[in-house]
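Shown next as structure tokens: one chain only, the form predicted alone.
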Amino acid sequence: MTQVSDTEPLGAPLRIAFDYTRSLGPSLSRFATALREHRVLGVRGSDGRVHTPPPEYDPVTAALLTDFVDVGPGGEVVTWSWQPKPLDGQPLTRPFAWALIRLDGADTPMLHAVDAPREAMRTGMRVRVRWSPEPTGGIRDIACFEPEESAGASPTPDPAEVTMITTPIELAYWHTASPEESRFLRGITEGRLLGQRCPVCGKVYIPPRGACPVDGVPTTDEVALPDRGTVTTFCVVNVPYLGQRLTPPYVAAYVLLDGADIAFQHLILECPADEVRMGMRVEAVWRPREEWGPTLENIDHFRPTGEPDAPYDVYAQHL
């Protein structure tokens, strides 16, 4: 998180990433297995056209397609565009062309990268598959295409059948907090929880949103809230997953701070998961001050206060 001044909005780079693993249907499984064997498969449709990559169902009749045929590995560039500055994760790290390539024996083109000088790229250009030296059973087994006259020898294929595929998913971007969020984040670096009140309905929102979603007016009246409140709803997490910080079972709950009108989500710890309940009174457990930053993670979790549960009517309108 960067801070330009005490008043300008805060910003920080954010990165969301996970591996998406999926099973393949009969068509894509054969296609991926063939790629691992350094072959490209198409499938013939009811109108005689050969499609690649092979769809599972006929695009004309919607019937299941089963007439698989080998195509390529040579083909012709149908159309192309130049990628002067490759991005992370793209097939090549130097400038290359994205091209629609109609493989020999196929009737529909497929999109892939062509490793060739810009001045050599042209529609109708003959190209050939350059295979990845480490096949995994996916489209990246085709490292790229290259001009047919410069194609090298192919590495040894792997004949193993492919029925699953794992695709890394990643999104990296810069998040700029709103002025109201920035004030909230600056407040939490000082151990203060700042909300904002709607001048019309009087509701207090935390983190502040800048406008009341009910009345549509700016919320400029800042309100300091205590770090204790009431559990409104919760769930017990029993499912382990990659990167999990806590060992299940544990509780994620919505906590309605005293004086607020909207709850936010946080962890409820320091008690057995099966003892957490709606109406339970809780208080924040802050991390050591030297670890504080402009983040709600300054609060490590909430824990029971031992007070009597809040009556349902107190939080019934905030579920």
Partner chain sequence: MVNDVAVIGFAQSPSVPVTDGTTNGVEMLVPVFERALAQAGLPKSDVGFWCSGSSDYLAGRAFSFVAAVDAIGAFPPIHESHIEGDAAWALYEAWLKLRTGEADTALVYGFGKSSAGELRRVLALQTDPYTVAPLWPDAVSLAALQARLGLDAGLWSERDMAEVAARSRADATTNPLAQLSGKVDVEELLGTEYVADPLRVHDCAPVTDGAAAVVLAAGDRARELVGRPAWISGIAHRVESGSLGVRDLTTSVSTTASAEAAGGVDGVEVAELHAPFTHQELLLRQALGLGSSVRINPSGGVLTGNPMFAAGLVRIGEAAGRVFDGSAGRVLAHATSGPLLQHNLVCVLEGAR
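Owing to the predicted nature of the structure, the values given are computational and were not obtained by experimental measurement. Residue numbers count along the first chain shown, from 1.
Note that the form predicted in complex with its partner chain isn't included here; everything after this is about it.
Taking 4.5 Å between heavy atoms as the contact cutoff, choose which of D104, D221, D215, E161 touches its partner chain in the predicted bound form.
Answer to the contact question: D215.
Counting non-hydrogen atoms within 4.5 angstroms of its partner chain in the predicted bound form, say which of T136, Q90, T189, S150 makes the cut.
So the residue touching its partner chain in the predicted bound form, by this definition, is Q90.
Does any part of P109 reach within 4.5 Å of its partner chain in the predicted bound form? Heavy atoms only, please.
Result yes; P109 sits at the interface with its partner chain in the predicted bound form.
Considering non-hydrogen atoms and a 4.5 Å limit, does its partner chain approach R209 in the predicted bound form?
Because a heavy atom of R209 falls inside 4.5 Å of its partner chain in the predicted bound form, the answer is yes.
Determine whether any heavy atom of Y241 comes within 4.5 Å of a heavy atom of its partner chain in the predicted bound form, and answer yes or no.
Flag for Y241 set to no.
Answer with yes or no whether S132 is in contact with its partner chain in the predicted bound form, where contact means some heavy atom within 4.5 Å.
S132: no contact with its partner chain in the predicted bound form.
Which of these stretches, 286-294, 252-260, 49-57, 272-280, has heavy atoms within 4.5 Å of its partner chain in the predicted bound form?
Every other range fails; the passing one is 49-57.
What residues in 113-147 sit within 4.5 Å of its partner chain in the predicted bound form, counting heavy atoms only?
Residues within 4.5 Å: R118, T123, I139, R140.
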